[in-house]
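The chain below stands alone and is given in structure tokens; this is the form predicted on its own.
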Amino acid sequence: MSIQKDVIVLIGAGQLGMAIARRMGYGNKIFVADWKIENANTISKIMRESGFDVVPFEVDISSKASILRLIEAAGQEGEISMFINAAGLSPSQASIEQILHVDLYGTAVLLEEFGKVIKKGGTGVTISSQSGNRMPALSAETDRQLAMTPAEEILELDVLQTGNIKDTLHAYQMAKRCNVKRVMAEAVKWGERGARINSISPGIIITPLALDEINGPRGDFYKNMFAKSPAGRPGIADEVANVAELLLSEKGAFITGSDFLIDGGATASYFYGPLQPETK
């Protein structure tokens, strides 16, 4: 009779998620889930050939039913001890509606549903973005609504209606602001199970997607951003994994409900340095 392993669930089969899963995954069963099964298969193959026990899985995080199927499948393999959400769409990849359904609603459902099953002592991290830190402050009431409205009702909020969302970048910023607020609220619920949840807000991290952006029509914008940040360069996935490893391990036992900005100082430069927007 085989002994069940603890299960790590990674949503978002890309370089960033893989870097985190490789840090934390040895000795555990790892579910690598993505809306494109070929992406999940690719990352699973790389990790399996490096000695990890990996299962690829297809999931659409804009669908609660799909998320529940993932949780059920993972739970059959053992207790879910770790949750890593690195899934999402960028402003240049999708429409306003798609961004709100995946980045905002999807993340809200993931945090709610994994919070119901996470093992005592379990941990989780969700990837947000530096972009959410640049949007002007919202009202305390709006923040509270984004944090605490049940996931199935969140897209009904007035602030998220099409007429109040200017473009895909604004939708993305709202989603990422919502991610951070929901992590704070969910940390209270996760704490009742003896579990922790945090978020990470990366800046420009070199991945295939980022390289497409840097070499695409908006390339000059991205190059200017990291050139005028204190670090003077983009980051790499393993630098984000360094922080995720802290948050997901016992070394981060007193950290929950927090967001960690990892952007080489780009946000600092946006507010107080050469990246400040021109004002007339």
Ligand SMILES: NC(=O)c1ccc[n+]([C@@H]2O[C@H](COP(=O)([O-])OP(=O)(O)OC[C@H]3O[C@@H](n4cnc5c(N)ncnc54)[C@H](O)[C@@H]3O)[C@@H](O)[C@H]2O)c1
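These numbers were taken from a predicted model, which means no experiment stands behind them. One-based numbering along the sequence shown.
Omitted from view is the form predicted together with this ligand, to which the following refers.
At 4.5 Å between heavy atoms, is residue 16 in contact with this ligand in the predicted complex? Output for residue 16 is yes: heavy atoms within 4.5 Å of this ligand.
I'd like to check something about residue 203: if you look in the predicted complex, is any of its heavy atoms closer than or equal to 4.5 Å to a heavy atom of this ligand?
So residue 203 counts as contacting this ligand.
Decide whether residue 172 counts as a contact residue for this ligand in the predicted complex under a heavy atom distance cut-off of 4.5 Å.
-> Yes - in the predicted complex, heavy atoms of residue 172 and this ligand come within 4.5 Å of each other.
With the partner left out here, check for me: in the predicted complex, does some heavy atom of residue 73 sit within 4.5 Å of this ligand? No.
* 100, 178, 86, 111 - the one with a heavy atom within 4.5 Å of this ligand in the predicted complex -> None of the others qualify; the residue that does is 86.
Only one of 168, 81, 149, 207 comes within 4.5 Å of this ligand in the predicted complex by heavy atoms, so just point that one out.
None of the other options qualify; the answer is 207.
- Item | Region of this chain that lies against this ligand in the predicted complex, out of 6-14, 253-261, 21-29, 266-274 [heavy atom, 4.5 Å] | Among the candidates, contact is made by 6-14.
- Which of the residues spanning 41-62 lie within 4.5 Å of this ligand in the predicted complex, based on heavy atoms? The stretch touches the partner through 59, 60, 61, 62.
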